[in-house]
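Have a look below at one chain only, the form predicted on its own, in structure tokens format.
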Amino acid sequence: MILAGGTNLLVYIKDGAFKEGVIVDITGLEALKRIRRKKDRVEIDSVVTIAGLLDSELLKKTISFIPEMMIDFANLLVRNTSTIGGNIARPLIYQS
């Protein structure tokens, strides 16, 4: 399993969904924490936190509904650790 924020993965482990295996921590991979404009689109990497979405000046200027939607997302501690990639992958993992 891949660990970035861990807010979902730790719940899966506690629930017994994963009893064995290897956890690879990608938290320190700065190359996966970017929000940037590329030509006519904005790219958001998978290890960007919810707080990162809230704080992004680029998103506020280009896709303002994303930071606006994140205002009510969980509490400050969770927003600082929870990643966009983990939240997108969560439904896929739980269905398996």
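Numbers follow the displayed sequence, beginning with 1. The structure displayed is predicted, hence computed values, not measured ones.
There is another form of the same protein, the form predicted together with a small molecule; it is not shown, and what comes next is about it.
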Does each of S46, D72 and N87 have at least one heavy atom within 4.5 Å of the small molecule in the predicted complex? yes
(Q) Contact with the small molecule in the predicted complex for V42, defined as at least one heavy atom pair within 4.5 Å: yes or no? (A) no
Contact label in the predicted complex: I26 to the small molecule, heavy atom within 4.5 Å
yes
Contact between V78 and the small molecule in the predicted complex at 4.5 Å, heavy atoms? yes
